[in-house]
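Take a look at this one chain, the form predicted alone, written out in structure tokens.
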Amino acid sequence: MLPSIPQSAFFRRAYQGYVLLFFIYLATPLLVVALFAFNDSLFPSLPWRGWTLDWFLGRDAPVVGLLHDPDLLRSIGISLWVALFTTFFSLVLATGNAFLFERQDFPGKGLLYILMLTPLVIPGVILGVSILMLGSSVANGVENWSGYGIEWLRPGLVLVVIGQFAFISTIGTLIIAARLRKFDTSLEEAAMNLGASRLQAVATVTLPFLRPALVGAGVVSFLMSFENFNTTLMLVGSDAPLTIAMFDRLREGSTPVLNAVSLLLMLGSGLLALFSVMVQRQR
């Protein structure tokens, strides 16, 4: 709704009601999941049997809380490991891509840019299957030819990082390139006129300017990696990240401990988003 265009009182009230209903629609499932994390029941559903913290702190079966569930804690650690590596590699490549597409002109630039965007329009399952088939084919070919097995090209955490990196780096590129496009290159030239090399000028002038975009891209990359399911499902081995572990638990029959995990994930995501917003405002 454009504030400059006169609107009737009925239209404004209807629009405000629509926005309110939309946010209620988004928040209600999250609130229900969070609420049943405190339900004193073996099932995450009605009836409500009272408040409890056992699904966070419980020690004895069948009520084993999140903090005493070694399988879930291990899967959280695996997801953190994968997300950190994916975020690091994505930021490195995304920063290089941003400088390439914003600062350089070369034949085939448009085609290369389109190819970079391709992973965003490919379904995650297809992307995962494609990477799995490529990795397995290369590993089998090398093993048949030389007798040496390249195990990291087979299903496992390394392949999960590669699969997530394939599309998350593209999102990071778009975020960083949008910020770099606003940079005044005369600031770099001034630094070089004062004796700095090109690399020193970029490190001391350009990268600090890009810091909000780097933080934002890092937060987005971390969250997308941590919660990714489709691509991860196709590439995972015996070490299951959190999304796969939760999926396996749901197939067996869930308990409110998964609600407890979901609540902590919501809080963690909210804190990371708040941190990103604070960095953006500082700049």
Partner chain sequence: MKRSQFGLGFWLLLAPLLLWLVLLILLPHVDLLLISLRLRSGPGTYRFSLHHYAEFFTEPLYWRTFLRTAIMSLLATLLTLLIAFPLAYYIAKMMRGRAKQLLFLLCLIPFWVSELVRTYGWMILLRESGVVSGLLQWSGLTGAPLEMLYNDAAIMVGLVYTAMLFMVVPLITTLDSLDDSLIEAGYDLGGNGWNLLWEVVVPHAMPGIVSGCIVVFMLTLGNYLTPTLLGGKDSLWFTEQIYTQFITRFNWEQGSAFGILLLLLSSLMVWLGLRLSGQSFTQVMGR
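Rigid core (definition): largest C-alpha set, two forms, superposition within 1.5 Å. Everything quoted here is computed from the prediction, not taken from an experiment. Positions refer to the first chain, counted from 1.
Another form, the form predicted together with its partner chain, is not on view; read the next lines as being about it.
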Contact with its partner chain in the predicted complex, heavy atom within 4.5 Å, among L80, V142, V158, M192 goes to M192
Between A196, L93, A203, I150, only one gets a heavy atom within 4.5 angstroms of its partner chain in the predicted complex; which residue is that? L93
State yes or no: in the predicted complex, is some non-hydrogen atom of K182 no more than 4.5 angstroms from a non-hydrogen atom of its partner chain? no
Taking heavy atoms only, is G58 within 4.5 angstroms of its partner chain in the predicted complex? no
Quick one: does P212 come within 4.5 Å of its partner chain in the predicted complex, counting heavy atoms only? no
Even though the partner isn't displayed, in the predicted complex is L73 close enough to its partner chain, meaning a heavy atom within 4.5 Å? no
Partner contacts in the predicted complex for 43-70 (non-hydrogen atom within 4.5 angstroms of its partner chain): P44, S45, L46
Does M266 move appreciably between this form and the one not shown, meaning a CA displacement of 2 Å or more on the superposed rigid core? no
Displaced residue check between this form and the one not shown: Y15, CA, 2 Å or over, core reference: yes
